[in-house]
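Here are two versions of the same chain, shown separately as structure tokens and labelled structure 1 and structure 2.
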Structure 1
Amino acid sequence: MSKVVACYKWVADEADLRIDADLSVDFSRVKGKISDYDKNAIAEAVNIATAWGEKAVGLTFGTAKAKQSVKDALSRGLEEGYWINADEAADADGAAVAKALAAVIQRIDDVGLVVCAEGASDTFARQVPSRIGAVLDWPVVTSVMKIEIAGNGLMTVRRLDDCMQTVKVQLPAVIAVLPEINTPPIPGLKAVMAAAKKPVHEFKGGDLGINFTPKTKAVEFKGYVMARKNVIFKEGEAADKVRELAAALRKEGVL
């Protein structure tokens, strides 16, 4: 077997976002965190590597602010960290991110599997895993909710809109996992202290020979306000209220 690479993203913590009266988004007090969905990817990479008796490593692409993510990632069971330090990461789209991650994956010795989340918790664009596979020319399996080791490959279960699909994939490969695949453990004090001693490899974006110019660009962030109808059912017995509610939901197309 071989190394398992967990790709993750350092994102803004949505709990710190503030929406102003004009619906503009205030990022001034926002701290960073590892994307919630990427914590599932890290945990699954560690689980698979442990079953193989191999090493799980982490890889992220971000600005200088992303450096603080490495220790957190390593405390979650990863044995080495890889960090691509590039100012361009702040405006990079899925194509640029995938090219950067793939470039470093190709520089890591003996990689057999790349594990990503289905999407990041800030954008959930669902592009990066498939794009990594395209750059590496590896098979990609997305929407994975269960994984079993099967010989020299993996047996995966995908959750689609109206069914489940079982797919066997040969390695090396890229898989994108859904949040329900596991429950990421919370690192204990011992794991956090041990993370500080694990090796970290830094790459400068300019050394990868990649054009980071994005093909798409965010031009504005606006807060969203839900227009609630505030319909209240207060007359009659409980059963009558339930019937009225069900009728109203059917009228709206919810049921």
Structure 2
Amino acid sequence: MSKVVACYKWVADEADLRIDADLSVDFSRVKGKISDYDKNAIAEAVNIATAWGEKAVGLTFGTAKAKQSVKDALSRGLEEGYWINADEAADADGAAVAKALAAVIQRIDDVGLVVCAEGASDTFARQVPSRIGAVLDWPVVTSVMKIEIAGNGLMTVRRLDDCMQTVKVQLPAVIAVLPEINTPPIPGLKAVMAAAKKPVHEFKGGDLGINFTPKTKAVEFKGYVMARKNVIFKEGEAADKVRELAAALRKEGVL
């Protein structure tokens, strides 16, 4: 069989974002993370590669900050890291991201499968895996919650809004997995140490021959705040807090 590529994104942790009074978004205290569900994609890529007796490698597209993701990704069982370093990644849209990832997938020798998560935690646009498939003109299967090896292809179980589907796909292919497909193991100390020694290949965005200009024009980017009463009963006996809440609900007329 051939190599498995796990695509992942280094994202700003949304838990660190602050919305200012003027609704502007404050990124100053933000730490990065591998997008939550991408950890499932990495784990699934490793599982399939192991079953094939092949290598799973990681691939990411990001600004210089994304470099710190590579070691984390490699500690999750991937054998090699590929990362595309591009300033343009800061405002790249799904079209540019997919083209950049596809360009490197084509430069990696003998890829049989690309595994992505359904969406990244920052944009959650759920479009990149399908677009990679289109750029490469490979078959695509999304919403996958189970993968089994079936001869030269894969048998997958998809969860759609109205049904479960069993779908067979020929390789090479792009698969987008749901987070329910596995529970990614937390890397142990040994895996973290070993990650430091694994090969890392860096590509420069400018060398890929891609136009990174976004296809849409962002005309507004602002924080969302909900105006809520925030009346929180925290002191005193449970019975008193309950009485106060019950009184409030009655007054609100929602019962």
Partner chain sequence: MAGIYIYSDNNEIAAEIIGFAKRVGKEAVLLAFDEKTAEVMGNSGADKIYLLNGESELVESYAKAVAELLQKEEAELFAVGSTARGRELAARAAGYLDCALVSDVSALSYADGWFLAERMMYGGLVQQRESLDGLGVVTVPGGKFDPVTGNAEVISMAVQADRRVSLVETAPIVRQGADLSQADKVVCVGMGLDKEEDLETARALAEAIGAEIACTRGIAEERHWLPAELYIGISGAVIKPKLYVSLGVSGQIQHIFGIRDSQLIVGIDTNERAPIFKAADYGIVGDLYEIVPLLTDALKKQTIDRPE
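One-based numbering along structure 1's sequence throughout. Owing to the predicted nature of the structure, the values given are computational and were not obtained by experimental measurement. Rigid core here is just the name for the largest C-alpha set that superposes within 1.5 Å across the two forms.
K.L.:
Specify the structure that is the form predicted in complex with its partner chain; exactly one of the two qualifies.
P.N.:
That would be structure 2, which is the form predicted in complex with its partner chain.
K.L.:
Core superposed first: is there a CA shift of 2 Å or greater at S28 between structures 1 and 2?
P.N.:
No.
K.L.:
For K222, state whether the C-alpha moves by 2 Å or more between structures 1 and 2 after rigid core superposition.
P.N.:
Shift of 2 Å or more: yes.
K.L.:
Superpose on the rigid core and then read off how far the CA of V242 has moved between structures 1 and 2, in Å.
P.N.:
So the C-alpha of V242 has moved 15.6 Å between structures 1 and 2.
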